[in-house]
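Here's a solo chain for you in C-alpha cells, the form predicted alone.
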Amino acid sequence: MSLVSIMEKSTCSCENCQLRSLFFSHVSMDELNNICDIKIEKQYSKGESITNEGERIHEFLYMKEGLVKLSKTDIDGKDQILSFSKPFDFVSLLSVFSSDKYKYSVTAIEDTTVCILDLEVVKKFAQQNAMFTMDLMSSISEATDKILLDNLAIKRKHLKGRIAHVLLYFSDYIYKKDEFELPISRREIAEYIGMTTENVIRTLSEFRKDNIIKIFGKDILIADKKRLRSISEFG
C-alpha cells in the first residue's frame, strides 16, 4: 500500500501525540497524517499477551497507554522477565529488524493500548527518510541500553538491594510517587531479579517490619525512601 495514495482524514490526532516528538520528528505532517490513517489501536487487558516468543513479526508496535513486561523462556521452560515498558516505549523494537520472529514475549501488566503499523510501511519510511532511520536506530539503542543497564544494576546487588531497586523503579520511573499499586506479583518480581518467590516474600516482610515500606494488599507505600535508596545502592 502506497502511503501517498491514502486519503488524509481531518479527524487524525497523531500530531498531538507525544510519539511525534519521540519518533516522528523528522516526518512531515502529511506523512504523519497518512501514518495515522493506517494505524490500528488495540486494547489489551491486564495479563493478556500482546506478542509471543517465536511468533512471526508482521507489525510494528508502540504503546500509547498502560504498562507491559518483556519476558523470555529459559532452557528450563521458566519465564525470565527482561524489562518493563511504559507508554511511548517501542515494544517491538528489539526484534523487529534483527529477526523475522519475536525473541521475547510482551504481556500487559496493566490495561494497555497499543498502536499497530504494518511493518512494511515502517521499513519503507526507513528506506526513504534517512533522519527517520536515525531516529529509529536511536530508539532501538536506547531500548537495548535500558535493558542491559537495568540487568547489570540488578546483578551487582544482593537480594535486599535487588528488591529495593524494583520498588524504587516503580516509584521513581513508572508512577513517580511513593504510594502505588504494585502491578506485578511476588513471583514476577522473582523472575525479574533472578531470586525465588519465597525470598521476595520474606524480604518484603522484613522491609515492612523495619518500617521501610507499608503494604496494603497490592498497594505499596514507601515510608522511608532514604533508607530504601541506601539498601538499593549498597545492598
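Keep in mind that this is a model prediction, so the values were computed, not measured. One rule holds for the numbers: they count along the sequence shown, beginning at 1.
Keep in mind that the form predicted in complex with a further copy of the same chain is not shown, yet the notes after this line are about it.
- The partner is absent here, but in the model of the complex a heavy atom of I140, alone among L159, I140, V121, I116, sits within 4.5 Å of a further copy of the same chain.
- Heavy atoms of K72 reach within 4.5 Å of a further copy of the same chain in the model of the complex, making it an interface residue.
- Interface membership of Y104, defined by any non-hydrogen atom within 4.5 Å of a further copy of the same chain in the model of the complex, is confirmed.
- In the model of the complex, at least one heavy atom of L82 sits within 4.5 Å of a heavy atom of a further copy of the same chain.
- Although the partner is absent here, L136 is a contact residue: one of its heavy atoms lies within 4.5 angstroms of a further copy of the same chain in the model of the complex.
- Shown here without its partner, the chain carries Q128, I147 and K155, all of which come within 4.5 Å of a further copy of the same chain in the model of the complex through at least one heavy atom.
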